[in-house]
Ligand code: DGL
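Below you will find one chain, with nothing else, as C-alpha cells; this is the form predicted on its own, and questions on how it binds or moves follow later.
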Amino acid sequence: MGPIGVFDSGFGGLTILKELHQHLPQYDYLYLGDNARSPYGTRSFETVYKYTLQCVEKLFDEGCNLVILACNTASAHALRSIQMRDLPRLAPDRRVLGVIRPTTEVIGRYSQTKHIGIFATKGTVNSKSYPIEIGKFFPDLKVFQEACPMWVPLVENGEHLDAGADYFIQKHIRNLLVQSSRIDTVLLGCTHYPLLMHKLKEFMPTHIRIVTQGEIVVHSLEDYLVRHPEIESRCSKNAGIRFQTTESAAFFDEQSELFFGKRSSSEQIQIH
C-alpha cells in the first residue's frame, strides 16, 4: 500500500491536491512538484514526456500505486504514451491518470449554446488535446482556445492580484471571445488559473460560466476508485500529506500557501 501520487510541473497541481484532500481526506497523498524545470508549458512535446516519465517513476519508487498528472501540459503531452508504452513495461499493476479526460467527459453539460472557450498554456493549446477529446464525447460542441503564456508567471511571482495583471487578463479574454460571440462557458485548462478567478470574474461578461477542474477531477477519481477496487485497496488511508520539490524546499513551502491554503513542509529531491 502507498499514497496517491499527485504530480505537477510546479505549484498549480496544489489546487487539485487541495480539492482531493478536502473531499477524500482519508487517503494519503504524495505531491511532487518539478519546480526546478518548470514551466512545462513552453517546452517541446518530447521534453515534457521525458520529464513527466521521470517524475512518475520517482513516485512509483516512493510506493505510489496510483499517480495523477495534475498538470494539463503533462496530461496533454505525456499521459497517453506513459499509459500505453511505459506502464506495461515498468509497472503493469499501477495506474497513471490525467486531468484532461475527466474534464472533457463532462464539459459539454455546462454549455447551453454548445460554444465553449478554453484558456490554457501554449503547450496544451498546441497539442489540441482538448478539442480532440471533447469531440469524442460532445461532437456537436464547438471549442475555441486561447493560449495565455503570461498567466502562470504572474501567479508564481505573486503579481496576479495587482493592477499590472489586468492588461494580460483583458487581452486574452478579448482574444477568446472575438472567436465566437456565442461562448457561454469557459474552462480554465491550467491548474494555476483558478488563482486568477477574481480578475476573470471582474472582466468576463457576467453571462459566461467559468469552470475549474478541481471539483471535476475529485468526482472522477472518486468514481474511478469505486470501479477499480484492486487499485483502491492499495491506496493507504492515514490522512497524511507529503510534499516533494526539485527546487528549494524553503521557496516551495513559502509559495504553497498561495495554492494550497496553508504552508507545506516539503523535501527537496533530485530527479535523474
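When you see a residue number, it is the position in the sequence shown, counting from 1. Computed from a predicted structure; not experimentally measured.
Absent from the display: the form predicted together with D-glutamic acid. The rest refers to it.
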**Fill in**
Which of 70-78, 171-179, 157-165, 83-91 lies within 4.5 Å of D-glutamic acid in the model of the complex, heavy atoms considered? The stretch 70-78
**Request:** Tell me, yes or no, whether residue 152 is in contact with D-glutamic acid in the model of the complex, where a contact means a heavy atom of each within 4.5 Å.
**Result:** yes
**Request:** Mark residue 38 yes when one of its heavy atoms lies within 4.5 Å of a heavy atom of D-glutamic acid in the model of the complex, and no otherwise.
**Result:** yes
**Message:** Where, within 96-131, is there a heavy atom within 4.5 Å of D-glutamic acid in the model of the complex? Residue list please.
**Reply:** 121, 124
